[in-house]
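Take a look at this single chain, the form predicted on its own, given in structure tokens.
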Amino acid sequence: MPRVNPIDGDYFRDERKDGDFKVIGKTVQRSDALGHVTGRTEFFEDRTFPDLAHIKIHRSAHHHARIDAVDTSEAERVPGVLRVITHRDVPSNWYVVLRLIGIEPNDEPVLAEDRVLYKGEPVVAVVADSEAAAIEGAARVRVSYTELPAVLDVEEALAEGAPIIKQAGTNYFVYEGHHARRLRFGDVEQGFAQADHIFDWRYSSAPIEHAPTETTGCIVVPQSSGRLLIHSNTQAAFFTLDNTALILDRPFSDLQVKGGTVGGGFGGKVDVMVEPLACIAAALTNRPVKFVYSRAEEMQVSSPRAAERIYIKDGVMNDGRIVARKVMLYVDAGAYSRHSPYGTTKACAHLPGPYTIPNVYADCHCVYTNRTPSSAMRGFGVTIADFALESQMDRIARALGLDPLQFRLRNAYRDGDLKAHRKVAEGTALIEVIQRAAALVGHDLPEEYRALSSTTPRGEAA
């Protein structure tokens, strides 16, 4: 049955039934647009509660150091300070956010115990009647350190003799016993041997901060039933609920997460960073507790997109066919895993890009350094890889004097091709997208390239 579009009264049908598209190609107003532009959208900080307490964090001043002593006595004497929380107050202090999908080991403490692995790592949480008192209390915490050598470069972290910063004994995530997520398809050395040209280039990116308009935060309110109600701007309500419950060593049913509006996230609010400490503080004080990052904290310690370094070596024939591709990828996870082991796997599965290449070899390393832990951001694991792969395609085309679109069409994967990670490609449509893009910008393609189709098996006429 037709349904009414609430924006303009037009009708649209389920395109899966009759192919009658009435929304695609039209401007459709977002369901939340009116609330945003009129200021009626409710964010977690719009909620107010009597006796609201605040959390602020004393953070590490070093990239890598052993904690020799923690003195909270001056912080406890600040007027308005209600409680000082250390790792001893966290029931299950070690976690990794992806343990819910089987990633292990737990490698990150909620609050540092005997050492810190990045500048800004949380060491002590101070709970106070006011934000000002919490800030002053956090500033009066005294921590004695012995500074340790820091590793800030991915390849240096993997070099022989590099300081080992992780409890697990390696500066890399271990994939089924291997130092990297590996991809092996065909015989890459044989491919290089038969190639007419070899191209070998390096690409790199820096960490990218999401910079959301609304910084990371939550308010936790104790309920008369003993449950904790969490008002959060998380992007992942169930990750937040389940990980927080595991950290608190409480049943999942003890917590309720109210999310909804996220004032900018882009992936940066999927990590469980503020809710566990706010819950602990609310339970210890029996008061509503607010924990929200300052802008400086958001920029320094919220998870950025990982920095990546990518080496791509291609073997190419005179006619433009890529016959071998070797990729060495280094993903900078920073000090802890968070989402980076998963992102590195995504990157590996994406190789060698949307091209059918008979010989592919890749080692994708998830590397630990003494930098701020990285995590999800807008297609993480694929975005930077695509930047590198498509830059490589352009450079090769220029070096060989080939049209860049024709070069891509010659190598584009088609439905039925076996991808390097041994999945059959389907619904590819890359050829048609390139053809359409060329037509829109007036880029003339020869007839043989205009006749190509993603659904025509390789080797058959279009």
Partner chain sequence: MKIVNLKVNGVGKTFIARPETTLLLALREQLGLTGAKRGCAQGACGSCTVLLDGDPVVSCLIPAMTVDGGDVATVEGLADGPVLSDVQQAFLDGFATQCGFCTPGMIMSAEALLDRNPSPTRDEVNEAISGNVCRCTGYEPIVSAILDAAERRRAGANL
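The structure presented is a predicted model; accordingly, all values stated were derived computationally and were not measured. Residue numbers count along the first chain shown, from 1.
From this point on, the text means the form predicted in complex with the partner chain, which you will not see here.
With the partner left out here, the partner chain still marks one of 396 to 404, 64 to 72, 418 to 426, 27 to 35 in the model of the complex; by a 4.5 Å heavy atom cut-off that stretch is 27 to 35. Not displayed here, the partner chain is approached by residue 213 to within 4.5 Å at the level of heavy atoms in the model of the complex.
The partner chain in the model of the complex is approached by residue 264, whose closest heavy atom lies within 4.5 angstroms of it.
By the criterion of a heavy atom within 4.5 Å, residue 131 is counted among the residues contacting the partner chain in the model of the complex. None of the heavy atoms of residue 50 is located within 4.5 Å of the partner chain in the model of the complex. Put simply, of 85, 246, 283, 292 only one has a heavy atom within 4.5 Å of the partner chain in the model of the complex, and it is 292. Note on the partner interface in the model of the complex: the residue among 363, 209, 254, 89 having a heavy atom within 4.5 angstroms of the partner chain is 209.
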